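This document opens with one chain alone, in structure tokens, the form predicted on its own.
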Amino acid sequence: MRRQNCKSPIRKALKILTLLFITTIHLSLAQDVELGESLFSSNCASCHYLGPESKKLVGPGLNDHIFEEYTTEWLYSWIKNSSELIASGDEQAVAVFEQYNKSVMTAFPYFTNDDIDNILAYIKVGPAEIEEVVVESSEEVSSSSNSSTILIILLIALVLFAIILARIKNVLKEVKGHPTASLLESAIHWLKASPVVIGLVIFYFVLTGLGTIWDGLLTVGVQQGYQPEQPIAFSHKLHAGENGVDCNYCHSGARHSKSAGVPSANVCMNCHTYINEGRSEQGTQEISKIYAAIGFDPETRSYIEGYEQQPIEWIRIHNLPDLAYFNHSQHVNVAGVECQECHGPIEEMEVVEQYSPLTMGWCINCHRETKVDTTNNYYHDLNDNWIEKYHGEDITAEKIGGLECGKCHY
């Protein structure tokens, strides 16, 4: 009995230590996978597809099969400096180099072995399935619609009251033996005898009509929510969101000119010379539309000689009136405005829509609220003057002339 009693706490202690050990390993593995996902998304996702299917992007698709084909030590060397491994004459490195049209993989010499282990752990686990939570939001009821609802209820109540009064009068007449009129005739007679009711009815319809006209005038030129169907179903969610392609890579004009610009098909071909397949059959069909427009043969990876190229007729979504001046480079470079501040969560949009109203009032509110970064070197000669003038107050775009008419209107 003593032996059993003595062994019992020891066994319990061993079990606890074992559980703690397993839990620690599990937590460290989870942390490695999380770090690996971050490293993969920021460095690898733009060129490598990750998933159960070995789809090719710029480079080979990545999944469990790479652990069967390559050793960990080989992967360390390849990821850190593939050019050096190819130059050494390594058979596997040369084979991959030849297979992918002699495209040199970006070197990551700053990656440690632990960083690569984290990425490999993430590849082994695979991309996590993210459940989309759909939040149902109730529609906002404006004060004007509330007023209309109240007026409609009052109007219905008045009509019902008139019918009830007419019915009561008819009953009283029947009791006295007097001739009676129909309910409709009685109600019309009551309304004629009540000019206040008629005035309220007329007032309601006039007010409703004027309100409708006013609301219509306020929406002239406002395209918020505009979501046209484009000639090619380009997914910003896939490119800017999942693959992490920087907005300025395609819309390079945002940093250098007034307009952000629509990328030419040549920009698309920087990637799609090698990415011939989409994640679905529809994606592959959309990529083929680029090839049809520019005259590219994906089989030979070459352009067709003498081919008459066709422009892709993209439909512009964000369009300011001609009387308004807006400079992308000034807002992006000087003010440091992120694309999402005007265009909304573009990296989450499968089909792009105009997120913001882009009205004059919306722009003015932004200039009233946006603080100026006085450390910005673009205005280094003015920063001292502003700081001295406002004595530590928040300096907004409004205070430095952001509401002057001539700044936005010619």
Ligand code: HEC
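Start at 1 and count along the sequence shown; that's the residue number. Just so you know, these numbers come straight off a predicted model, no measurement behind them. Rigid core: the largest C-alpha set superposing within 1.5 Å between the two forms.
Beyond the structure shown, there is the form predicted in complex with the ligand, which is absent from this document and is the topic of what follows.
Proximity of residue 37 to the ligand in the predicted bound form: non-hydrogen atoms within 4.5 Å are absent; the residue sits far from the partner. For residue 69, a non-hydrogen atom is located within 4.5 Å of the ligand in the predicted bound form, even though that partner is not displayed.
Though the partner is left out of this view, residue 347 does reach within 4.5 Å of the ligand in the predicted bound form, counting heavy atoms only. At the 4.5 Å threshold, heavy atoms of residue 330 reach the ligand in the predicted bound form. Proximity to the ligand in the predicted bound form, defined as a heavy atom within 4.5 Å, singles out one entry of 121, 166, 268, 294, which is 268.
Note on contacts: among 321, 209, 195, 225, the single residue with a heavy atom within 4.5 Å of the ligand in the predicted bound form is 321. Just one listed stretch, out of 198-206, 302-310, 330-338, 152-160, contacts the ligand in the predicted bound form at the 4.5 Å heavy atom level, and that stretch is 330-338. Taking a 4.5 Å heavy atom cutoff to the ligand in the predicted bound form, the contacting residues in 352-367 are 352, 358, 359, 360, 362, 363, 364, 366, 367. Core-superposed comparison between the shown form and the other one: CA of residue 108 displaced by 2 Å or more. Taking the rigid core as fixed, one finds a CA shift for residue 95 of 2 Å or more between the shown form and the other one. In the core-superposed comparison between the shown form and the other one, the C-alpha atom of residue 362 has shifted by less than 2 angstroms. Between residue 64 and residue 243, the Cα spacing is smaller in the predicted bound form than in the shown form, differing by no less than 3 Å. Panel note: the distance between the CA atoms of residue 120 and residue 244 is smaller in the predicted bound form than in this form, the difference being 3 Å or more.
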